[in-house]
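In structure tokens, one chain follows: the form predicted alone.
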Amino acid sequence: MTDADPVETFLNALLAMDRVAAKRALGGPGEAAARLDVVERLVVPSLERIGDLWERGEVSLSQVYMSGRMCEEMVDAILPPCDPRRVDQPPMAIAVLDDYHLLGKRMVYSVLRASGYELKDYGTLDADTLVSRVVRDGIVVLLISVLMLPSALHIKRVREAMDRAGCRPFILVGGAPFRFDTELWREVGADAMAGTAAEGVTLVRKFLDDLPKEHRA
């Protein structure tokens, strides 16, 4: 008899909204240091698979939402926001631009936090408010999620307004319009496009790896 796949076990616990089983899959409370690696091997792929299941209509919105919340709670217990083992990073933020479909943003936010990153969640904003928040907070990495093409096109206005304000964050975009037109991210002035939450983590990590240390604070 073979052991169950750890990712499958954790994934099933999330979909059942069973906090006890999910915590058990991550390990006991006395194993926090060792569990950091487990978080990356279990939490990130599980959330990514839940996103795929949602795209195929095989899970409910409540399962997606609760899975993300449960993962955030468990990661915060292992690695609190003030913990020095958190990823060394500059100010980061995520927002939905002129849309009210928050699922994609929630997935990316959960996966990034599960990977050790801290970021501000701006929720849904219009272009002018987003620019003012980014300038005020000194954001260095900005993730923007959109659902509709008109919202995607507004990103160009966001970039131009930030340029005029002397603010040049790394802009990573995602959402359906960018999957349909793989060159659209360039047209709106973004720096990169992520097709999935896991790809978003990879791109953020690569950008931060190349960022001079003096720009991280």
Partner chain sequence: MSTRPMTSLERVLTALGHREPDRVPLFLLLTMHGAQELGLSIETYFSRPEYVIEGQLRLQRKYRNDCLYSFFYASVETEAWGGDVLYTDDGPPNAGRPVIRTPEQIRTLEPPRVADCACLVKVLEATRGLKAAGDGETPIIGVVMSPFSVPVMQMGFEAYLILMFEQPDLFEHLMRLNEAFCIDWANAQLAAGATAICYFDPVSSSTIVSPEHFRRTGLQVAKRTLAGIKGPVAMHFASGRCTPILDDLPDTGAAVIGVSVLDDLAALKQRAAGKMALLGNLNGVEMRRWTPEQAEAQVKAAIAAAGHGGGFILSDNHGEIPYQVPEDTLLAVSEAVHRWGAYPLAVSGERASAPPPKVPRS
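As the structure is a prediction and not an experimental result, all values here were calculated from the model. Residue numbers count along the first chain shown, from 1. We call the rigid core the largest set of C-alpha positions that still match within 1.5 Å between the two forms.
From this point on, the text means the form predicted in complex with the partner chain, which you will not see here.
Participant: So, R168 and the partner chain: in the predicted bound form, are they within 4.5 Å at any heavy atom pair?
Facilitator: Although the partner chain is absent here, R168 would stay clear of it in the predicted bound form, with no heavy atoms inside 4.5 Å.
Participant: Against the partner chain in the predicted bound form, would R19 count as a contact residue? Criterion: heavy atoms within 4.5 Å.
Facilitator: Because a heavy atom of R19 falls inside 4.5 Å of the partner chain in the predicted bound form, the answer is yes.
Participant: For M66, is any heavy atom within 4.5 Å of the partner chain in the predicted bound form, or not?
Facilitator: So M66 counts as contacting the partner chain.
Participant: Does any heavy atom of L15 come within 4.5 Å of a heavy atom of the partner chain in the predicted bound form?
Facilitator: Yes, L15 is a contact residue.
Participant: From the list A192, L153, V44, M162, which entry has a heavy atom within 4.5 Å of the partner chain in the predicted bound form?
Facilitator: None of the others qualify; the residue that does is L153.
Participant: Is the partner chain in the predicted bound form close enough to R56, L103 and P177 that every residue in that trio has a heavy atom within 4.5 angstroms of it?
Facilitator: Each of the three qualifies.
Participant: Taking only heavy atoms into account, state which residues of 169-184 are within 4.5 Å of the partner chain in the predicted bound form, ordered by sequence.
Facilitator: Residues within 4.5 Å: P177, F180, D181, E183, L184.
Participant: My question is whether D98 is one of the residues whose C-alpha shifts by 2 Å or more between this form and the one not shown, given a fit on the rigid core.
Facilitator: No, its C-alpha moves less than 2 Å.
Participant: Superposed on the rigid core, does the Cα of L11 end up 2 angstroms or more away between this form and the one not shown?
Facilitator: L11 C-alpha, core-superposed: shift of 2 Å or more.
Participant: Determine whether the C-alpha of G68 shifts by 2 Å or more between this form and the one not shown once the rigid core is superposed.
Facilitator: Yes; G68 is a residue whose C-alpha shifts (by 2 Å or more) between this form and the one not shown when the cores are overlaid.
Participant: If the C-alpha spacing of T202 and W54 moves by 3 Å or more in the predicted bound form, is that a move closer or farther apart?
Facilitator: Relative to the displayed form, T202 and W54 draw closer in the predicted bound form - a change of at least 3 Å between their C-alphas.
Participant: How does the CA gap of M107 and R49 change in the predicted bound form versus this form, closer or farther, if it moves 3 angstroms or more?
Facilitator: Relative to the displayed form, M107 and R49 move farther apart in the predicted bound form - a change of at least 3 Å between their C-alphas.
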